[in-house]
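In structure tokens, one chain follows: the form predicted on its own.
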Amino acid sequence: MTHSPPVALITGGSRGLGATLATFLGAEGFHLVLTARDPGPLTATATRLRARGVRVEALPGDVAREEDRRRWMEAVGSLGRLDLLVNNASALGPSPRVPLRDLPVESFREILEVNLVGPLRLIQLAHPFLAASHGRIWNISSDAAREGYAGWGGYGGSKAALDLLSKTLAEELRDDGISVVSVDPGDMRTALHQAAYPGESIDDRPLPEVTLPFWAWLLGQPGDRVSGERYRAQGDRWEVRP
């Protein structure tokens, strides 16, 4: 009896951490559905992965748009399964960053739509596929969710809410066999981080590949042993439930 390869959907999968995860999961035998707003880098990443023999569906779009989310789910349906949903796409807000007292309400709404509402809606749409495969959800958080960094309030607030959403979903979806974790990947040299510091060098930050040991560890853990946890990808150690 043959089994179809596992499938992962990665939002914000064209560059930075998303592209690093796509490369890692592709090497692990996953078929990939990659999404991003900018079609240029998305096409480049998909082309590179296909040259390595990875099956990739590259679908430009915005996680905040319902029509795009449904289109991505149609692609998942064409592949017949979904084993892993990575909610990686994120919105920083205005650049240069502004304090909360000056953050336009419309900008805050946009941050929430991308960082919180979009991931929840994707989880809702993906639920039948993930329940069928006893799949996994990895929600990408930030240290700004735990610390009150000046100028990071809108972004950090959305990620703090995503952490709580993740913990709640872990309890609600446990009987469906779906595991949910949130992960703070740590400081990295990415486009989003550069946007937070316009005109400054961020060359002292590590590339996203520094997180690869963590993803390899997480993928190897039983879903029910890690579900509900919040991890720091660049932490000294990672633990599972006893």
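Residues carry their position along the shown sequence, with the first being 1. Bear in mind the structure is a predicted one, so any value in this text is a computation, not a measurement.
Although it is not shown, the form predicted in complex with a small molecule is what the next lines describe.
With a 4.5 Å cutoff on heavy atoms, Gly26 does not count as touching the small molecule in the predicted complex; it lies far away. In the predicted complex, at least one heavy atom of Lys159 sits within 4.5 Å of the small molecule. Not displayed here, the small molecule is kept clear of Trp138 by more than 4.5 Å at the level of heavy atoms in the predicted complex. Taking non-hydrogen atoms only, Phe129 never approaches the small molecule to within 4.5 angstroms in the predicted complex. This chain is displayed alone, yet in the predicted complex one of Val76, Leu84, Val114, Leu169 has a heavy atom within 4.5 Å of the small molecule; that residue is Val114. Across the options 169-177, 183-191, 26-34, 47-55, residues that bring heavy atoms within 4.5 Å of the small molecule in the predicted complex belong to 183-191.
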